[in-house]
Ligand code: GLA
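Just one chain follows, in the form predicted on its own, and it is written as structure tokens.
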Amino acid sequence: MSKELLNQVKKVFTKRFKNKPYLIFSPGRINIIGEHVDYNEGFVLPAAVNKGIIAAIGKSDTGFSTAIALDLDSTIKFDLDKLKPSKGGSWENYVFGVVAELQNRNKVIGDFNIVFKGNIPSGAGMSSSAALENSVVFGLNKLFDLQLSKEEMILISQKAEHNYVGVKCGIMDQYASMFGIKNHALLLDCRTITSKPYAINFKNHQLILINTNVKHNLSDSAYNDRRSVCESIAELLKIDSLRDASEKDLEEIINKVTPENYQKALFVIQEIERTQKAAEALQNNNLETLGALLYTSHNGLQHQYKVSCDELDFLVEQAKKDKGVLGARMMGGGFGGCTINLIERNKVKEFADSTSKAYKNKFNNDCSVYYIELSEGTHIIK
């Protein structure tokens, strides 16, 4: 967590609103493996990171509420009784959505002021949206003593994204951001919404992210489209979700679905299995197996689920050329964002430099390399 960021948010809040706020850190997340399976009630392996959003929140006595997004230099004033989604999918919909979901649950909140700023790179697939939603619901819960459990809070954050932002996300992002444990990944069962922590000690290896710095327009519509394909195939199989399907089950309906949709469902079934194998590899400290699973996951995302893009595929191919890298794959919704790479510590700089140079030559664009630490979940900053 950045002290500079903390001081900036605190300073702006106290200068503008003249009172002492609650300060909240809500982290972004990585996902080691288990992509696009959270909305299929599968298993995922995320971890909260030390990049996130810092929010300052306090009560307002002006008769209206104010939210300030410092990174965007944007301020909105709003009336809690007249909330509706703003057009164009702006950042305020994440704030409005959380407030609306609290109101739907008959939770009484008064006017409030919130100032926030983050250091999660935009479009990196590290869930800045979940971090923002969680910081708002966590802050309002504290401010108005709403007595919400963390489980209730993440469901409110998820519904805010569904109903105000229009992205039918699964629960992984909100869960990892809220429940993260320092130096641990969480094997999250997205059906029961319970998790098992796995200590991360890669010794001579570490995880780094490489951001393509692109986000192709397809991402949100393709996300909702993939979700709808999965749901329709589960319906054909007469099961609740693809979590309950085996490859054999899928073969029995091969003539009833298009080859493309068959492959999408097959990917989900295989990715759920890969995630459980990855957790086992973590437990046994078998990093070679973990790395191989990352490469196989990317192959499925590229060729079966078709949510990758040229820039992500290029970065994974660069990783394969370097003996110091055990595994790499795209991370997040797809069509841009980051790759996650498991690499020998003493090879990191050389790999980062050579990959950055090759990427620049290929796309005439810069990629960005991020070094991350695994962090605690959403919490009040003492």
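Because the structure is predicted, anything quoted here is derived from the model rather than measured. In case it trips you up, residue 1 is the first one in the sequence shown, and so on.
What comes next is about the form predicted in complex with ligand GLA, which does not appear here.
In plain terms, the part of the chain that comes close to ligand GLA in the predicted bound form, with a heavy atom within 4.5 Å, is 37-45 out of 316-324, 337-345, 37-45, 64-72. When ligand GLA is considered in the predicted bound form, only one residue from I171, A100, I208, V229 comes within 4.5 Å through any heavy atom, namely I171. This chain is drawn without ligand GLA; in the predicted bound form, the residue among Y198, Y223, F179, W91 with a heavy atom within 4.5 Å of it is Y223.
With a 4.5 Å cutoff on heavy atoms, G28 does not count as touching ligand GLA in the predicted bound form; it lies far away. For the chain shown alone, G333 is a contact residue for ligand GLA in the predicted bound form, at least one non-hydrogen atom being within 4.5 angstroms.
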